[in-house]
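Presented as structure tokens, the chain that follows is alone, the form predicted on its own.
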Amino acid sequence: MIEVKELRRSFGPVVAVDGISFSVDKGQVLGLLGPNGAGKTTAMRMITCYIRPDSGTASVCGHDIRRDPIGVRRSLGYLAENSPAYGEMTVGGFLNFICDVRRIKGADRKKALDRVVPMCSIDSVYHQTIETLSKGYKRRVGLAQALIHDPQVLILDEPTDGLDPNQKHDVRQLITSMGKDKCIIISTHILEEVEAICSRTIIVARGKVLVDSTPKQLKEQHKVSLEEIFRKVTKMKKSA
């Protein structure tokens, strides 16, 4: 459902993403790992059509990011790094605005809201303005807008950032349950999260894919924890 081919993007002299390629199928939850500045967020922004690649391409549900960006955006839900939203809007007002953008109307809108509001546990703040919410609640509102049109593909940048342990557990369970029927990429620094919910792991550093495997296979191959594998692989790249 996601096919990435030789994506590359530079910002001035800095090469953020350096020719990465991978694919993700329905029923997979891919954990995208890497140190700060590895290129994870830039890769996600290219796949979701927020920035254009310098070269290479990607497709989502058969829609090419260069030739059909509208088709790509319709096919996926995207939770960005900082959950951008309009602070002066209420949670309900913001989600209704997203429904307008997604052209979800009438009975379909009510059904969508009735589904995502309890799913993301934002019932209690539905009538509050977004600027008054805690970081954790803002994150959950961001997740709700990504899910509101029930997309087949989800791209989630640090989905549990700012959540307390109970909220992290709930979101991980939600991603696990959705992962059976959807194609999901998550970026995270929490290695236990990868082990808990990801069926596959890609480790990137300096814009390149270094490892593409499953958490279980990596631990069996290296006989150490995922954290130790991550440190070893990314430090080797840095010193190379």
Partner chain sequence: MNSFWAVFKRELKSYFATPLAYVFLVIFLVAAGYLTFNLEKFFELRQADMQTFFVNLPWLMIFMVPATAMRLWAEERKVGSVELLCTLPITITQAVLGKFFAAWIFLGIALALTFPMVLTVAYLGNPDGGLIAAGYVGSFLMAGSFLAIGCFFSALSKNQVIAFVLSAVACAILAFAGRPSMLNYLSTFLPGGLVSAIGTMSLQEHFASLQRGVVRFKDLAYFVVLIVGWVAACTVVLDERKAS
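Numbering follows the first chain given and starts at 1. This is a predicted model, so every value here is computed, not measured.
The same protein also has a form predicted in complex with its partner chain, omitted here; what follows describes it.
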For this session: Quick one: find which of 132-140, 99-107, 117-125, 162-170 has residues within 4.5 Å of its partner chain in the model of the complex by heavy atom distance.
Result: 99-107
Problem set entry | Exercise: H189 in contact with its partner chain in the model of the complex, heavy atom 4.5 Å | no
For this session: Using a 4.5 Å heavy atom cut-off, state whether R52 contacts its partner chain in the model of the complex.
Result: yes
Problem set entry | Proximity of A80 to its partner chain in the model of the complex, heavy atoms at 4.5 Å | yes
Exercise. Is A112 close enough to its partner chain in the model of the complex to count, meaning some heavy atom within 4.5 Å?
Worked result: no
Problem set entry | Site check V14, S59 and D68: each within 4.5 Å of its partner chain in the model of the complex by heavy atom | no
Seminar exercise, completed: When its partner chain is considered in the model of the complex, the residues of 53-77 having a heavy atom within 4.5 Å of it are I70, R73, R74
